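The chain that follows stands alone, in the form predicted on its own, written as structure tokens.
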């Protein structure tokens, strides 16, 4: 059995503006010691997924409506809140997105680290302090005994992130969730933090769920990648396979939206057109259809399930030999994935049906500052 098993996880937010369909039935596994990357653009549900795993969804708006999150045989969704608090830090820990605001500004680093250790381990404050000094030294902070008495504002952004890593690993958790661990850090500090994180988790045997929108980070850190869009996992594969053979239009779009050092001089980027869907609307059909150059008629009405890219007798869910799976009615051909555009002769992306077109036209005024062009009725009739 995998260390972490997420099954059909559905998360909703009830707001004054209506229901937010944040996570829409995702399933994945994570083995002990494995690093899994969760990627996608802002608003796709990455951070909500990790907050649901930690049972830290903002209340009363956020709630897990369906599914299970099983950590080492224990379903966290069904646990009483008191038991979940015991597991946080001890069995599953988290590095939050912003090191600048994740530490309490009026408490010293010592107070915050000692409190974390004492809350979950039968240790005296002297023993907890000794452990805190050891951890600060482990993450590369010079003069740890002295710096332990400092306040967060006396550290740089990179140093604060190192403190966050030390606190997260203080109790040697089985699972570490790293939510954008290099946000707001310059590239040299990013590299140091990622190298440190990789080294420490490998030494402790900790599984890592790495959440980011930076494909360069997961390329060097993760063994497998889940690509998320609009609350769904649309592609999953071992990291080398995903980069060598992207097979979902969204993954292809992500890869073509970033500059490459090996690209031809003057080569153009191929951005993903359009905007992400309004997640106040219940998902109908493939959520990526309005932005997809490969869409067919079925994409507007049927959301494809996550299935193996090629027929296999057994689907492998974890490890470097995991099965490459996608959720797409019309995957790009290998040559199309390389160019970033459909190249098959005569292919034209399916126009939206009347009901979908009318819904998009109504939503268009809400997209302030965004150029959105919809074909006129005459043009639509002509395309038919």
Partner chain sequence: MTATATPARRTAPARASRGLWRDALARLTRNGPALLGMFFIVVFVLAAVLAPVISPYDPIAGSLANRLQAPGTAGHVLGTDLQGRDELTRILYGARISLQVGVISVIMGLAIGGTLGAIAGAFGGAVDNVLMRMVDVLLAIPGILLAIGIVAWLDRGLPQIMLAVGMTNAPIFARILRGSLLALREADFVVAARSIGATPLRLLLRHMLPNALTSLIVAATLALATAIIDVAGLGFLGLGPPDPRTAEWGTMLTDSTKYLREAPYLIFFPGIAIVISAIGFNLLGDGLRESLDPRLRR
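Residue numbers count along the first chain shown, from 1. This one's a predicted model, so the numbers in the text were calculated from it and none came from an experiment.
One more form of this protein should be noted, the form predicted in complex with its partner chain, which is absent from this view; the next part is about it.
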Residue (of 172, 278, 72, 145) lying close to its partner chain in the model of the complex, criterion heavy atoms within 4.5 Å = 145
Using heavy atoms only and a 4.5 Å cut-off, determine which of 221, 299, 230, 164 is in contact with its partner chain in the model of the complex.
-> 164
Heavy atom to heavy atom, is residue 105 within 4.5 Å of its partner chain in the model of the complex?
-> yes
Contact test in the model of the complex: residue 217 vs its partner chain, heavy atoms, 4.5 Å = no
May I ask you to check whether residue 133 falls inside a 4.5 Å heavy atom distance of its partner chain in the model of the complex?
-> yes
Looking in the model of the complex, any heavy atom of residue 314 within 4.5 Å of its partner chain?
-> no
So, 2, 13 and 63: all three within 4.5 Å of its partner chain in the model of the complex by heavy atoms, or not?
-> no
Have a look at 96-104, 232-240, 72-80, 208-216 and name the one stretch with heavy atoms inside 4.5 Å of its partner chain in the model of the complex.
-> 96-104
Using a 4.5 Å cut-off on heavy atoms, what residues in 54-74 are near its partner chain in the model of the complex?
-> 54, 55, 56, 58
